Ligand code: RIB
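One chain is shown next in C-alpha cells, namely the form predicted on its own.
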Amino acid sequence: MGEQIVVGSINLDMVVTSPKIPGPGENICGHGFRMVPGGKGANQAVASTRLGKKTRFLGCVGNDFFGDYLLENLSKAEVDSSLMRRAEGFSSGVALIVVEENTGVNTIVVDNGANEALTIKDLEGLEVFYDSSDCILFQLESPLDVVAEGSRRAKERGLITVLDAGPPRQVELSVLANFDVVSPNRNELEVLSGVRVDSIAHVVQAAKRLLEFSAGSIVVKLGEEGSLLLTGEGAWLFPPYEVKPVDSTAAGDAFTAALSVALGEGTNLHDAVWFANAAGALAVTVFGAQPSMPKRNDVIALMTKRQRQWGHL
C-alpha cells in the first residue's frame, strides 16, 4: 500500500460554544473557549494518518508561537511534516469558530495567513515521493495556482487526485481539470456551479456542471442527508449514519480524507463513499477539528452496524 500526500492549509482554530449562532450585530455570551489545531489540509493529513495511511503534508506556517504549536501537533499526530515551511513575514493561519451547543452547527471565519505563502516552487519537494504514493489530496484554502499545478504534476505521475472543494470561492472551474474526484459540500457546490441546490435534483444538476470540468467523479457531502456520488454513468444517494452531533467542525475533512485513503487502497468508488460517510459521521460526535478525526477501527465498527446501501437516482 502506497503513501498519501496532502497539500494544503494549516490553522489554529479558536473555538467557542454558543447557545445559538449570532446574527449581525448580536452579542451573545458563549463558553468553553478552546484553541484547537485545524486547517483543512492539516485536518485531512491527521485523519489520513489515523485511518492507517502514512501521510506527508506540505504547507506553510508563520514564524510565531502558533506555528510552533501547529508543527508540534503534527509530529504528535505522526504526520510526516518534513516538507513544511516557515514563511517569513506571515502570521500562521487562524480560524474563528462559533459552535451552536444544541445542534453542533458552526460558523467559521478564516485568516489564511502563511497559507497564502505556499508557492508552486514548494511543489518541487514532492518529486521524490510520487513513486511511493498512490493518492494526493488538495483543498481550496491554498493558492489556486498551487492547486492547479500540483494536481497536474501528480496526475501526470499517475497518482489519484482528490480535491476537497472548500471553502467556497469564486474560482475558474478549469482548476478542476486534473482531479479524479472533486468533493464539495452543498454550499460549496452551489457557489462553484452557480446552480441553486435546494433539492436533491438540483444537487445532481449542479454536480453535472462540475463534472464537465473535472477528470472523473463528483462526491457531494450533504450532512444530515448523507452524500451523493455522480459519475458519467449516473448518480447515487448514500444515506447518513445516525449519530448524536456535538460539533460539525471538520466532519467534511474526515469524509474527504477517508474517501482518498480508500481510493488509494484500490477500493471502488461506491464502497469508498460508504467508508467516507462513516468517517464523517464519527467526526461530528467529538468536539474540535483534529481531535474529532476518527481512527480506522472506529470507522469500521460503525460501518458494521448497518448494511451497505445506496440508491440510484
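One rule holds for the numbers: they count along the sequence shown, beginning at 1. Just so it is clear, the structure is predicted and the values come from calculations on it, not from any experiment.
Note that the form predicted together with the named molecule isn't included here; everything after this is about it.
A.B. asks: Can you tell me whether A95 touches the named molecule? I mean in the model of the complex, with a 4.5 angstroms heavy atom cut-off.
C.D. replies: Judged by the heavy-atom cut-off of 4.5 Å, A95 is in contact with the named molecule in the model of the complex.
A.B. asks: Heavy atom to heavy atom, is D80 within 4.5 Å of the named molecule in the model of the complex?
C.D. replies: No - in the model of the complex, heavy atoms of D80 and the named molecule never come within 4.5 Å of each other.
A.B. asks: Decide whether A250 counts as a contact residue for the named molecule in the model of the complex under a heavy atom distance cut-off of 4.5 Å.
C.D. replies: A250: contacts the named molecule in the model of the complex.
A.B. asks: Taking 4.5 angstroms as the cut-off for heavy atoms, does G38 touch the named molecule in the model of the complex?
C.D. replies: Contact with the named molecule, yes.
A.B. asks: Please identify the residue among I108, A215, L144, L123 with any heavy atom within 4.5 Å of the named molecule in the model of the complex.
C.D. replies: Of the listed residues, the single hit is I108.
A.B. asks: Among 81-89, 230-238, 215-223, 108-116, which stretch has residues whose heavy atoms lie within 4.5 Å of the named molecule in the model of the complex?
C.D. replies: Stretch 108-116 is the one.
A.B. asks: Would you mind checking 216-233 for residues with a heavy atom within 4.5 Å of the named molecule in the model of the complex?
C.D. replies: Contacting residues: none.
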